[in-house]
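The form predicted alone is given below as one chain in structure tokens.
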Amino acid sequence: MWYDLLTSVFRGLVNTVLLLALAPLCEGIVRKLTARIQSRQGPPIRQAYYDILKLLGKEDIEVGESPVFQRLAAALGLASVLCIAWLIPMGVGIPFSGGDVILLVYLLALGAVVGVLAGIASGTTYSMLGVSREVMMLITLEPLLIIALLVAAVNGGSMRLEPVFSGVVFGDVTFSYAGLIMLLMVLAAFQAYVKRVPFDIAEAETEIMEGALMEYSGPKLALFKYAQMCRLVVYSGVFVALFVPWGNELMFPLGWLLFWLKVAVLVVLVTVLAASHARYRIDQAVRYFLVMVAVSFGALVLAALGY
């Protein structure tokens, strides 16, 4: 019992440290690759580390009517993302094997909800505009991921994460048409989950100047930015665990290296799409996601019927 507990804690800590260490690296790769696609020199790959350190050293200016919540929101946003690292198999198995789909959905949604509440605490015009967009995206996006996890739970016969992450499309026994549909739906919405162009509508730097985070600076902004960087890695890990888990059973370090190779492929795909597409309007994005949610409900019915 103690051995299993220590093993779980060790795996969770390893995943957390790796997430904190590699998230800025992935952000640096995104920036560099984006610049190359757009025929620019771009910043050095390590620039994201410098940005975080610089923000942590700046003066912490508080604007708004709820400074206490503003302090808590920044820390809670990063903490919620880090907790997800304990629930996904990042090449070494799931650290916290007692988790289930409900806990994972809660933690995934918590980061977005914290961003909404942080913007409300600021209370400025641009912040509230960003909040309204974030809420609209949250309402249409979260059901899509919830349905994907439910399809995986139906295919796996359990709400626990081990069978859920055994493969949505190709399960332990048969091919799943419902899983294939959800693979296409989640892949089509992946840019929105990691808040990248064309679905970075709630931030839209050139339009509403960072939206909900406009009034944040210094260490609190550093934590929000760090959480955003970690979000790219975490959602990539969830996607890999759900749809392309093959190779996780390989011995260390083969399974571990294969996992990060899959994450790297997703990061490159996100970068290419972001660099080659213009930002959508919020009404266009909402219609886009509502259609996908409707299709996803059909996939859930197919999963319930055994297809």
Partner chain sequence: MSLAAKIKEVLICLRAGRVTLPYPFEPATVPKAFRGRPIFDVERCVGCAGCANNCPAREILVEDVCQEVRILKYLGRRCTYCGRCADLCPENAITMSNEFETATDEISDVGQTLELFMGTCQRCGRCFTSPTPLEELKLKGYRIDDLMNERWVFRSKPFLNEEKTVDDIDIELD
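Numbering follows the first chain given and starts at 1. As the structure is a prediction and not an experimental result, all values here were calculated from the model.
Another form exists, predicted together with its partner chain; not displayed. Remarks below refer to it.
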Using heavy atoms only and a 4.5 Å cut-off, decide whether all three of Thr7, Arg11 and Phe243 touch its partner chain in the predicted bound form. no
Within 4.5 Å of its partner chain in the predicted bound form by heavy atoms, the stretch out of 22 to 30, 254 to 262, 235 to 243, 36 to 44 is 36 to 44
- So, in the predicted bound form, is Tyr280 in contact with its partner chain at a 4.5 angstroms heavy atom limit? yes
